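Just the one chain here, the form predicted alone, laid out as structure tokens.
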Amino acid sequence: MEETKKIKVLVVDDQQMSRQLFEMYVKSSEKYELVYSLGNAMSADLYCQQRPVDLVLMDVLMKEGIDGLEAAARIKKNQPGIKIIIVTSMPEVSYLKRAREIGVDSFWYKETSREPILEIMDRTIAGEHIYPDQTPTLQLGYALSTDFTERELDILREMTTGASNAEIADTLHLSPNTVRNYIQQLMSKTGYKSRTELAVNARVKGLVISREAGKS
């Protein structure tokens, strides 16, 4: 009897504990074969070009180099047939949008998703695109993450980089006065007493993460 060909899986996560957990999940299934495990996204595209890979499990935030979504975009451009599942614990609201635009097949939150990762892998390989309906809701001061407008989140994301009002205004094509008003609204909603406290807590909780801050 001919042996069933296993689905080749590449794991990409810079956190050793998370990486080992995904390795364990893959190895526990007779359907999948772990072909390699990487600690950074820089090498993911190159590995996929040189070795056969059917499915990539990839985190977003990386300590150095490009993030997981940038690596996913490169893989999809060069090997569109490879399935990609983005896995993250960060509720940064832009990740879902970026993943869809890139063509990532599925998206899974490490801590809050109800479906086990192996189920997401099975369904993704079968041709489904599994995405959560929304990002996880979290508390920021007195406010919930769902209480913020998209523009407020844009402002808050830039604040996490330490940018001044003038720099934020230039980046988002707004006036400094408009930026200042938005920051006052954010502080009023959350109850934080300083912009630094607001920005630090937003970044620590993972509500907004700039691409630059994500690499620091």
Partner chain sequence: MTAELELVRTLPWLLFSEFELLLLMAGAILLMMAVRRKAAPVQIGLLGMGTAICILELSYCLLLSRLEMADAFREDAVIAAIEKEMIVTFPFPVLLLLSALCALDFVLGLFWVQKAGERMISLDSVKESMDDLSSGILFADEKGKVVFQNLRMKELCLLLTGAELTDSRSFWETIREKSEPVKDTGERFVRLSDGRVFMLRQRFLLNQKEKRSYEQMTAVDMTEEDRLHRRLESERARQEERKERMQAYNRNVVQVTRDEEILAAKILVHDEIGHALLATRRYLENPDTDQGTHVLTLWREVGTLLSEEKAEEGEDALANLLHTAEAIGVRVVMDGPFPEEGPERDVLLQALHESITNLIRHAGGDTLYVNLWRNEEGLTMVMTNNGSAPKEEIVERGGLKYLRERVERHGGIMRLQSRPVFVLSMSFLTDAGGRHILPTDASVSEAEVAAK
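Numbering follows the first chain given and starts at 1. What you are looking at is a predicted structure, and each value in this text was computed from that prediction instead of being measured.
We do not show the form predicted in complex with its partner chain, though everything after this point is about it.
Using a 4.5 angstroms limit between non-hydrogen atoms, K110 touches its partner chain in the predicted bound form. Residue contact with its partner chain in the predicted bound form: A199 places a heavy atom within 4.5 Å of it.
Y192 falls outside the set of residues with a heavy atom inside 4.5 Å of its partner chain in the predicted bound form. Interface residue remark: E167 is counted as part of the site for its partner chain in the predicted bound form, having a heavy atom within 4.5 Å. In summary, among the residues L153, V179, L55, L38, the only one with a non-hydrogen atom within 4.5 Å of its partner chain in the predicted bound form is L38. Checked against its partner chain in the predicted bound form, the candidates T149, Q50, Q184, S175 yield a single residue with a heavy atom inside 4.5 Å, and that residue is Q50. With the partner omitted here, the stretch from 93-101, 74-82, 141-149, 119-127 that lies within 4.5 Å of its partner chain by heavy atoms in the predicted bound form is 74-82.
With contact defined as any non-hydrogen atom lying within 4.5 angstroms of its partner chain in the predicted bound form, the stretch 128-150 contains no contacting residue.
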